[in-house]
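Quick setup: one chain, the form predicted on its own, written in structure tokens, and binding and motion questions come after.
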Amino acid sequence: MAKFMADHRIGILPGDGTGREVAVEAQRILNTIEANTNQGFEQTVIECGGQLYHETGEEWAEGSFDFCRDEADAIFLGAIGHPNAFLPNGDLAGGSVILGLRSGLDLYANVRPIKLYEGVPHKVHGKFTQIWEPGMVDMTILRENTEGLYHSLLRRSADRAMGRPPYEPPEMTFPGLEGEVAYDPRPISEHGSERLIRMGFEIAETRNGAPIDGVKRVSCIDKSNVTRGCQLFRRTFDKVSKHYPSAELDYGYIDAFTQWITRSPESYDVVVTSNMFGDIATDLGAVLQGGMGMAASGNIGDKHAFFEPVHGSAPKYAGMDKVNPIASINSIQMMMDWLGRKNNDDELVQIGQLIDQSVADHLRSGDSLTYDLGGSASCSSVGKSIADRLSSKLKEQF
């Protein structure tokens, strides 16, 4: 199909370790879409991360953040993290990439779908098993992404990315404690909570409800029986919920939620929670969908977004063509959906649905699974298989 110019500028940040391998498969999906539709993608690859810092003393080239902020329509990130690559202040080298983008672009919602596909075993019992049927696990967790326990680190990372003097939290004293004391403030604001919670209710309107009963349900998960920040988060949830009367409200404390999410995940539709709680709970949720290799995510704000697999750089597997690329492929699916809704482009939304169907068909066949799902297929062979299925669907549809 003839194209005169790219419709969308996509920043590709491969990062470290296996992030570089799964980024190739993410690009394969973009190339497949471009080859079979009238959608065009100008892909700009930006080297970044701990390994680059180890080799050059830079986490990414000067101007990279400016490109992501001012020129990219969407961003894909592979993974960040390299052994023994740390900044002089002790922060992880590469943090100004992932955390700097989250804070510097005000990407306040970390959106993590948790969905079990047919043909995917998981390890709730410590071995490959299938105690949950496909369709019983289908929820979306929204984690606040700019505040909470990570606030100071996020601000430091954004300052490095934007060339500002580094932020440090105010000094505090803790009566009754002795010896060296380290601490991290956990600021939670009404504004930050409100916009995240509002997005949660809006996402619930687009979904089919909880698997167990089809009810559109939004769950507020916090620790409001103990912490003031969570009390504010819950009050804000109650205030926002009044604008969405069609959604059923649900509440839970994070410690109990970690039991319920594994005991009865079919009861959950959309979950909203704070930064640290969401970080931990979604890693647990990934177990229900087959592991971190299946877990996609989007970091979303009002103007910008970047998409990434939830997993890390897995340096021990780097260069082995072994890891599961589906989390990255599904992150591209989320990117297409976000770009489509942002630009009122139904075709992009439909393309996102076809990516999801291609992943589902691949997994249902059971012919080519990576090691984490009990198979021995390579990263590249899985990526190619899904891209081939997508190509066929796009040709039929467009």
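Because the structure is predicted, anything quoted here is derived from the model rather than measured. From 1 onward, residues are counted along the sequence shown.
FYI, the form predicted in complex with a small molecule isn't displayed, but the following is about it.
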{"query": "The small molecule contact in the model of the complex: residue 105, any heavy atom under 4.5 Å", "finding": "no"}
{"query": "Close approach of residue 80 to the small molecule in the model of the complex, 4.5 Å, heavy atom", "finding": "yes"}
{"query": "Interface membership of residue 279, the small molecule in the model of the complex, 4.5 Å heavy atom rule", "finding": "yes"}
{"query": "is_contact(residue 308, the small molecule) in the model of the complex, heavy atom dist at most 4.5 Å", "finding": "yes"}
{"query": "Stretch in contact in the model of the complex with the small molecule, which is absent here, among 95-103, 216-224, 158-166, 196-204 (heavy atoms within 4.5 Å)", "finding": "95-103"}
{"query": "Triple contact flag 112, 143 and 150 to the small molecule in the model of the complex, non-hydrogen atom at 4.5 angstroms", "finding": "yes"}
